[in-house]
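To begin, one chain is listed below as structure tokens, in the form predicted on its own.
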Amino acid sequence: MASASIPAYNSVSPLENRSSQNASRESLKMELLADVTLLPGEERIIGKDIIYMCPFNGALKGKVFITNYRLYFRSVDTDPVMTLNVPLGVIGRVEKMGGASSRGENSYGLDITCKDMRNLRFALKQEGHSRRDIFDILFKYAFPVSHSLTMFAYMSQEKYEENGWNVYKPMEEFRRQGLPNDKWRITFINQSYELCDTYPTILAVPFKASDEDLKKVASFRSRGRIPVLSWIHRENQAVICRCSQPLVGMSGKRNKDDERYLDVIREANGTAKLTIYDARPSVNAVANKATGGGYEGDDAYQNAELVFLDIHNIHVMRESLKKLKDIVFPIVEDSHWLSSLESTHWLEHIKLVISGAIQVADKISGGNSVIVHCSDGWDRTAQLTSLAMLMLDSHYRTLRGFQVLLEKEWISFGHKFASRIGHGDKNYADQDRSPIFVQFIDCVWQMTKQFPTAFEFNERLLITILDHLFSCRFGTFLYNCESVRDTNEVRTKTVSLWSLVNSEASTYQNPFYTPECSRVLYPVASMRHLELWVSYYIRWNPRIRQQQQSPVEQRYMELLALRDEYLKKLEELQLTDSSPNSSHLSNSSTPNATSPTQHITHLHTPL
């Protein structure tokens, strides 16, 4: 923070001096507030004249402000005024561009690589190490974990009426599914994370399996991630269970407890053969034997059927998204667009994930229980179980139900958000980074495009979730698992993203939503029906960005508002009609008179 100038005389009292410093701080804050409102807990660190090398409009002079939460740039060189508002958590890499002796205009400055499909380049004057202060501050505050600083989520003082941490309550969700019952029980064996430090504390397991059995099974599953219930079909009692790979190894080890445990899962609803969906390509599963992993062989698991889904690993997905970024930012080349998109294989990966989830959902609908795993059960497994549950259970297609799904299958079951996203970590080349969750949200978007009336939430919710996946403004996606979140007191010291979402729920609601309780969604997993999510991946390009909502949606919103207006008038008429003074009006009405309700029904006609 900038300090007040030193007074000419020492006669100024400490109180007055303090008040002048506060006034100076407030004036600095107000200068930024003229353009953007600071969040509670957000403080300005530095402001500087700079040139933004805009890939669309060329060099733009302006001013950049850096706070403990964001980088904000404003230029009046364009009409309308051009601004950048970038949460520091979105920044993946900061590099110096050029040197003191670099030639060429605007060749000296900073290159910033972002995690949300854009790059930023700023130029400064070459005299007097003009970029040193801004580089040091940006590097420090964009990567707080690497500098032993606190992430902004812990400094935020935002207040909301609803506590978003209460959205997901495991026991309530199990009860909604009809659990426990005579086949499945709830266990608290992991209350202290002793069974598995990356699993939640409350688990649903077969009634016939004792806690001792669970410990024996854990010793034969990677990271102790035993098969546990994610979802149960209310009618046919088929279940989706999730876990990690068995520790078979090169010698082909067997574990009678694990084999029996899977049989108990199969017997719970009388499934003839338990289907095990291994998300990996078969060649990868075989290769994992060399590192002590593997898969369920026919000889050991005779009442199970193993299906490989051919979904590639985190490294393949990371490279695929990098290729996609190369073709969508900053320039989209029309001439070879289709071949360039195909070469990224991004939509091909999306297709394989959706196709795998369809197979899971189809088995469950047919009354057969399934087990889903990949290597460790926290990446591809989460994609498959949550997408299948989205297809099978309409509750998860509501605004709050979707929040529960993410909290349950991704956050509580230990998807490694910190490792995959790299929150506050300067190590941009970390091989653990991968867009697994982004890919899942893309799959959800594909489903909303194919079933536009089936989801209560809209595209804006999905983009907001991805924006705050990176921003570090909320505690929702911080850290790798529940045990680490507990240690870092996330629920008590940070705000949940769902507090924001549920405080303005109407912003994220789909006006075309039509509730259908028992409908199972089977999207078409064909390249002909999958699209690139332009409004997310190419949203930074002003020539492609969708400026307005679609005319159909806009008109529909107008009709909904008109309907609400008429319903309000109807209520007023009914209140007037029921009062004693208006009894003569109702007596004088004829049987053939058209009621207000009859007029209003016409407003329900869909477009």
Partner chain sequence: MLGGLSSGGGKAAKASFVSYVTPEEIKSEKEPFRKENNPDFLPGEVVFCSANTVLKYTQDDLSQRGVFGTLLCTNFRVSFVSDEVASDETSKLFKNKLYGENDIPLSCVDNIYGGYEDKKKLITGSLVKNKYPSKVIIHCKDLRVFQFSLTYSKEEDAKKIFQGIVHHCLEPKSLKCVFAFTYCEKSSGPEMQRKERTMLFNCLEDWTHDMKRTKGNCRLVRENSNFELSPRLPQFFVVPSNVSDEDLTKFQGKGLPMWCWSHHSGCALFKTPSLPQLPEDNVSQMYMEKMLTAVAHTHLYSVKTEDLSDTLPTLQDIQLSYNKFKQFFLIENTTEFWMSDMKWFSSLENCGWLDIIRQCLQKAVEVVECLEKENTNVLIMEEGGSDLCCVISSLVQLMLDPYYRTLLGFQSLVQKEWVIGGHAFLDRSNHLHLKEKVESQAPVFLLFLECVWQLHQQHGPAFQFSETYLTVLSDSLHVPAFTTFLFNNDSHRVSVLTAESPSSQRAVMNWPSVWDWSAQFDCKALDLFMNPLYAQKPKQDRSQRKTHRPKHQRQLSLPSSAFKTPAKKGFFKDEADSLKKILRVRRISRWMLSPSSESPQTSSSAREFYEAWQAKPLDYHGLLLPCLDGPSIRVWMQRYLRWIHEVQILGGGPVALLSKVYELLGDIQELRRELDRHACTQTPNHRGATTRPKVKSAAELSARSSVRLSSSFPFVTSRNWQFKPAIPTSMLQSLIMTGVAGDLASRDDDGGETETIV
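In this text, the rigid core denotes the largest set of C-alpha atoms whose superposition between the two forms falls within 1.5 Å. Residue numbers count along the first chain shown, from 1. As the structure is a prediction and not an experimental result, all values here were calculated from the model.
Beyond what is shown, the protein has a form predicted together with its partner chain; the following relates to that form.
- Contact check for Lys183, Asn236 and Asn255: none of the three has a heavy atom within 4.5 Å of its partner chain in the predicted complex.
- The stretch that touches its partner chain in the predicted complex, counting heavy atoms within 4.5 Å, is 327 to 335, out of 175 to 183, 83 to 91, 327 to 335, 227 to 235.
- Of the residues given (Thr492, Ser526, Asn166, Thr487), Ser526 alone sits with a heavy atom within 4.5 Å of its partner chain in the predicted complex.
- The single contact residue among Lys273, His395, Lys96, Arg318, judged by any heavy atom lying within 4.5 Å of its partner chain in the predicted complex, is Arg318.
- Its partner chain is not shown here, and in the predicted complex it never comes within 4.5 Å of any heavy atom of Asn458.
- Using a 4.5 angstroms threshold between heavy atoms, Thr37 stays clear of its partner chain in the predicted complex.
- Put simply, Thr198 is far from its partner chain in the predicted complex: not one heavy atom of it is within 4.5 Å.
- Although the partner is absent here, Arg563 sits close enough that one of its heavy atoms falls within 4.5 Å of its partner chain in the predicted complex.
- Contact annotation for 362 to 394: residues with any non-hydrogen atom within 4.5 angstroms of its partner chain in the predicted complex are Asp362, Ser375, Asp376, Trp378, Asp379, Arg380, listed in sequence order.
- Shown in the overlay between this form and the one not shown, fitted on the rigid core, is a CA shift at Phe56 smaller than 2 Å.
- After superposition on the rigid core, displacement of the C-alpha of Leu570 between this form and the one not shown amounts to 2 Å or more.
- Leu559 shows a C-alpha shift of 2 Å or greater between this form and the one not shown [criterion: core-superposed Cα displacement of 2 Å].
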